[in-house]
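As a starting point, one isolated chain is supplied in structure tokens, in the form predicted alone.
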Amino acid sequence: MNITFWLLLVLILLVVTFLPRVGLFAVYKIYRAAQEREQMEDALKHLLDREQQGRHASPESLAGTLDIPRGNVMQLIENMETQDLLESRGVELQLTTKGQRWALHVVRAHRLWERYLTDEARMPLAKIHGEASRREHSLTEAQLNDLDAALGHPTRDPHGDPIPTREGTLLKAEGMPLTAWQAEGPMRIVHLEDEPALAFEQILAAGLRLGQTIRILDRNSQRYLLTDGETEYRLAPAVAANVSVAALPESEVAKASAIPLAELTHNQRAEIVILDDAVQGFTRRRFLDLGLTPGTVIYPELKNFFGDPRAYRVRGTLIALRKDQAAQIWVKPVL
């Protein structure tokens, strides 16, 4: 009886372990394959990032980025060379055409996920990078195209980084570090670097945001003093270097004579001047579908006892907008 029991138990364990597709061994193989793929894709992203900076990756830089021993890095490089993803030229590593295409797919997935998590899931900016890093390895090309279309084909992620197109085109990042800015007058924040995380958290804690117009009040070796005309912001130089700025675009000049839609009084008519640059993806597409385009007349109607959302009349139709949405639509009051 005992021998039969133990033989049956051993048989069950063998079945559970080696059953095709769902056995423990099969599940472990799937898990290992997924881990190896993620590591390879992280390596591709590192190589692409270096090439975008005009530099080449090396075994040492790859080991530091992936946080793995040099021996493991050399094995990874050998595997990627076998798959025609990279070429080794001495200590320099360079993407092949196939490797670059794959790397752009992963970067596109990461930045579209960040756009979705910000615009639709309303996730705090400090958390979207980590979540997008976990999700970026899971989408096929077709699924990525569907997500892109659903978000309204955004061109930049919430940090200001360009999103690669489905054809594989990646625009050059805008602006220069705040610490390199020498011109007088106002400038626009075009990128907020999210690494290292501690510096990014300090930028967010200070209250700075993408698309914001600022000017430098004072700078020295200890701090940068900035203002947006209402609030002052203080950053250490090392943190300020993670804020990229550029000259004001025409849209900002147009906003100088406009006010946010949310500030209109009841029945006060206004003409839409521009949608804020921060309005991207699905939200921007929804605004356009509602007819919220430059030159359109709009005004608040039907007072809401609670104040939010608020009803607006546009093109003969009544629509509802939350206060934070109306604050992103710039208008010029008309008589």
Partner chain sequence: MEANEILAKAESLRNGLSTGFRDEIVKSLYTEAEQIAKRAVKTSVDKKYDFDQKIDRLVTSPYTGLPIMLGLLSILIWLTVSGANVVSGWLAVVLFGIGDFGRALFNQIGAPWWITGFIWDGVYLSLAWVVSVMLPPMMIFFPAYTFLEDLGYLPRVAFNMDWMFKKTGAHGKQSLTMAMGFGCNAAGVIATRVIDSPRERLIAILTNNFVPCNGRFPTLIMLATVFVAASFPPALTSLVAAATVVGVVLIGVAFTFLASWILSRTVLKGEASAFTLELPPYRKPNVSRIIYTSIIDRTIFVLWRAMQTAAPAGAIIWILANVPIGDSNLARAIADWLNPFGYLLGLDGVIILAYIIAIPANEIVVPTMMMVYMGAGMMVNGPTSNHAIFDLLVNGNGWTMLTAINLMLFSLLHNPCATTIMTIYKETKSVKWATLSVVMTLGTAIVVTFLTASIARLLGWV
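Small disclaimer: the values here were computed from a predicted structure and weren't measured. Definition used throughout: the rigid core is the maximal C-alpha set that superposes within 1.5 Å between two forms. Positions refer to the first chain, counted from 1.
Only in words, not in the display: the form predicted together with the partner chain, which the text now covers.
Colleague: Whether G152, K303 and R310 jointly form a contact site for the partner chain in the model of the complex is the question; each needs a heavy atom within 4.5 Å.
Modeller: Per the other structure, all of G152, K303 and R310 touch the partner chain.
Colleague: With the partner chain left out here, work out from 119-127, 239-247, 71-79, 191-199 which stretch has heavy atoms within 4.5 Å of it in the model of the complex.
Modeller: Among the candidates, contact is made by 119-127.
Colleague: Do T165 and the partner chain share at least one heavy atom pair within 4.5 Å in the model of the complex?
Modeller: Contact with the partner chain, yes.
Colleague: Give a yes or no for R286: in the model of the complex, does one of its heavy atoms lie within 4.5 Å of a heavy atom belonging to the partner chain?
Modeller: Within the cut-off, so yes.
Colleague: Could you confirm whether A34 comes within 4.5 Å of the partner chain in the model of the complex, counting heavy atoms only?
Modeller: Outside the cut-off, so no.
Colleague: Does T293 make contact with the partner chain in the model of the complex, using a 4.5 Å heavy atom cut-off?
Modeller: T293: contacts the partner chain in the model of the complex.
Colleague: Checking E60 here: with the core superposed, does its CA move 2 Å or more between this form and the one not shown?
Modeller: After core superposition, the C-alpha of E60 moves less than 2 Å between this form and the one not shown.
Colleague: Does T283 shift between this form and the one not shown by 2 angstroms or more at the C-alpha, the core having been superposed?
Modeller: After core superposition, the displacement of the T283 C-alpha between this form and the one not shown reaches the 2 Å mark, so yes.
Colleague: Checking V106 here: with the core superposed, does its CA move 2 Å or more between this form and the one not shown?
Modeller: Shift at V106: below 2 Å after core fit.
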